[in-house]
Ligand SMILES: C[S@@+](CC[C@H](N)C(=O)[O-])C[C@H]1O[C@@H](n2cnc3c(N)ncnc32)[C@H](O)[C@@H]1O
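Shown next as structure tokens: one chain only, the form predicted on its own.
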């Protein structure tokens, strides 16, 4: 047996004994890169078309026989994901990241008199992460929004601004990392720049999923992936996420995908900190919801914005929003959710959709908690505000049903 065959055998054994947790995403990505249809792959592997479909959608786990047949197709490069040399990638758990302390603070707040609850608490416990993952991968949301993000156009503009220098991509609040990974793949197709990926999230569960998604897609292309446990609100306490004067010049791109930007409590405060951490020329990609009516027309907003018009969150949001309250409020009997409109937002022209929870307990008055807010923006006024904070809008793209979302690319001046 030659050295290559011996290595391949070891890698095959490792793949069979420990397949990647997100094998379906990996299989679909590699099949598409190889230019194979589902039917063509099924024929080559001697498997049924339904088997391939179920594997790619994560409906079934791969059997050793299926893995062996798929691994034998060199065009899929499945054995490369278990190459130990590709797994030597650093990760960070920042000093500011203390989930134990945050959980204690969350429980103290939820068992207090009520009021605003830090929105990051919704991601702390594993069940909350599972509920968020189900929500963000809902078929309707995926078809209407996640699959419609103009990733190719964003990648083309980032490549243009990079002008051939190395690019560091920071996925802030990356969630499951799918959108960030897809964007980096599109960028890799359009530039010869050296790329590195950093993924930051407050949820260990989601960060682990994002890391697996990214490493399987990017490591075979020679793109390092660095997971960072932390809170993007503490950007200044995460030095691996920003440029340093003594380092070789590289373009830094901060990504806030999936509406993450709209969850920030005070956007000007955040972007002042981000400006301090960025070098002139660095970029930020902001994926935001857009206003349905002018902020000075609240009655019109209530009629046109489906989230406000419904007066309570859609059923699919219920587990995510109420779960932490049921799990962490002592003696919680019931949670009733309602949706309200707030026009008191730091960014001119924006409004906030707020989800409030009424918590009922035995022998105690009901308590009210603001558990979630997401903002919608007037793109022009948002760009004007960011310019005053040192960030110039280079380009924006509207997408989604009725152009209800937009991606804004801004540059540090």
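Numbering follows the first chain given and starts at 1. Bear in mind the structure is a predicted one, so any value in this text is a computation, not a measurement.
From this point on, the text means the form predicted together with the ligand, which you will not see here.
When the ligand is considered in the model of the complex, only one residue from 191, 290, 322, 179 comes within 4.5 Å through any heavy atom, namely 179. Note on contacts: among 150, 220, 258, 224, the single residue with a heavy atom within 4.5 Å of the ligand in the model of the complex is 258.
Using a 4.5 angstroms limit between non-hydrogen atoms, residue 271 is distant from the ligand in the model of the complex. Contact annotation for residue 158: none of its heavy atoms lies within 4.5 Å of the ligand in the model of the complex. Contact check for residue 120: a heavy atom falls within 4.5 Å of the ligand in the model of the complex.
Proximity of residue 216 to the ligand in the model of the complex: non-hydrogen atoms within 4.5 Å are absent; the residue sits far from the partner.
Residues placing heavy atoms within 4.5 Å of the ligand in the model of the complex fall in a single listed stretch, namely 169-177, out of 108-116, 68-76, 169-177, 333-341. Taking the partner from elsewhere, every residue among 146, 233 and 263 has a non-hydrogen atom within 4.5 angstroms of the ligand in the model of the complex. Of the residues in 205-224, only 206 comes within 4.5 Å of the ligand in the model of the complex through at least one heavy atom.
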